[in-house]
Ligand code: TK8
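As a starting point, one isolated chain is supplied in structure tokens, in the form predicted alone.
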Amino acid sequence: MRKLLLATTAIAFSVSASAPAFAEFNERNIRVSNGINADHPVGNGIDAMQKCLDEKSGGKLKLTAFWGGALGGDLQATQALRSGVQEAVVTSSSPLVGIEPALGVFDLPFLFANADEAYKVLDGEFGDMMNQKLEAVGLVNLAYWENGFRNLSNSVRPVTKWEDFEGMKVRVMQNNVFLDTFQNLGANATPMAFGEVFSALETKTIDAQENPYVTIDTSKFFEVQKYVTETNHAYTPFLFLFSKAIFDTYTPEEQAALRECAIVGRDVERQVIGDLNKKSLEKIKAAGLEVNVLSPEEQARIREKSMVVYEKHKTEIGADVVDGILVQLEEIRK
């Protein structure tokens, strides 16, 4: 009898040792707010993140996505996180500068020359430093996802150098950094609601607008424009933010799973949005638009001209933040 008991105990121990440690996971429904729609690449990222969480938690950690601002705008949702009444939000950095001014660094013009530079900065020490600032205001950033580069379309001329912006009426977001950027280049920067842009381009009320390729495609701006220039003048990331008040109540295993799976989702989302941008660019070319790419030399020249914008906004963003990102980019470009 004693031998049988010992054998049974040994088998039970062996099974428990080899099984996933799901005991450290609780049943949790994690609400994730998004301003975009479910067919955006963020949706692919959420799906990949959920699959990863299923494997790590035995299906106990569940993401419930709310699309199209169903839980409120990005800023409203982020404030709900800070209050501890909602779990998560995927949001662009731009709406949150009132909560953490340092995020304004991502609005600075011609900051990153390409996606590889952006990833090295965001996924490295600078990104970690920004994450610490976010935790100080009650937000845990699990990973930097992709919003993408903005590029210029217009109906006047190809833009190959900064002088080509002179006198061009460019629609921009209601954002002081964007306004200062295009005015500094000699353009007539015109804030305008997004829904008004197509008709304004069609009637020549404005000459140009700036958005990622996917937006230029899906909004059919190519129907009322002649030229597209890959300026890569602004790169704003999405942040996968979690309520620190709620996150701190989770077990270490749950926290680790969320961080690791957010990175899995990030990599999928970045790949999908990159592929979509390529497809949209091909569609724009097929529509007959003339497409050109700013040369690295001209990008560097415009970046140098744009330093007055950096200096103007350095105090509000934080001199340590602006100088820190420029130092890291200088090292990457060596």
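Numbers follow the displayed sequence, beginning with 1. The term rigid core refers to the most C-alpha atoms you can superpose between the two forms while keeping them within 1.5 Å. All of these numbers come straight from a predicted model, not from anything done at the bench.
Another form, the form predicted together with D-xylonic acid (TK8), is not on view; read the next lines as being about it.
- request: Determine the site state, open or blocked: transfer D-xylonic acid (TK8) from its pose in the predicted complex by superposing the nearby C-alphas, then count ligand atoms within 2.4 Å of any backbone or C-beta atom, with 3 or more meaning blocked.
  value: Result: open.
field: residue 255 within 4.5 Å of D-xylonic acid (TK8) in the predicted complex, heavy atoms
entry: Looking in the predicted complex, residue contacts with D-xylonic acid (TK8) do not include residue 255, since no heavy atom lies within 4.5 Å.
message: Does any part of residue 272 reach within 4.5 Å of D-xylonic acid (TK8) in the predicted complex? Heavy atoms only, please.
response: No - in the predicted complex, heavy atoms of residue 272 and D-xylonic acid (TK8) never come within 4.5 Å of each other.
field: residue 211 within 4.5 Å of D-xylonic acid (TK8) in the predicted complex, heavy atoms
entry: Residue 211: contacts D-xylonic acid (TK8) in the predicted complex.
message: If we define contact as a non-hydrogen atom of the residue within 4.5 angstroms of the partner, is residue 35 a contact of D-xylonic acid (TK8) in the predicted complex?
response: It does: once D-xylonic acid (TK8) is placed as it appears in the predicted complex, residue 35 has a heavy atom within 4.5 Å of it.
- prompt: Heavy atoms within 4.5 Å of D-xylonic acid (TK8) in the predicted complex: which of the stretches 244-252, 200-208, 167-175, 76-84 has them?
  reply: The contacting stretch here is 167-175.
message: I need to confirm a contact call. Of 155, 92, 183, 131, which residue comes within 4.5 Å of D-xylonic acid (TK8) in the predicted complex, counting heavy atoms only?
response: If I apply the 4.5 Å criterion carefully, the residue I get is 92.
field: Heavy atom within 4.5 Å of D-xylonic acid (TK8) in the predicted complex - residue from 147, 141, 225, 231
entry: That would be 147.
- prompt: Which of the residues spanning 224-251 lie within 4.5 Å of D-xylonic acid (TK8) in the predicted complex, based on heavy atoms?
  reply: Contacting residue: only 238.
- prompt: Fitting the rigid core first, would the Cα of residue 191 be found 2 Å or more away between the shown form and the other one?
  reply: Superposed on the core, residue 191 moves its C-alpha 2 Å or more between the shown form and the other one.
Core fit, then residue 131 C-alpha moves 2 Å or more between the shown form and the other one: For residue 131, whose C-alpha is compared between the shown form and the other one after core superposition, the shift is less than 2 Å.
- request: Classify residue 247 as shifted (yes) or not shifted (no) between the shown form and the other one, where shifted means its C-alpha moves by 2 Å or more with the rigid core superposed.
  value: Where the cores coincide, residue 247 shows only a C-alpha shift between the shown form and the other one that is less than 2 Å.
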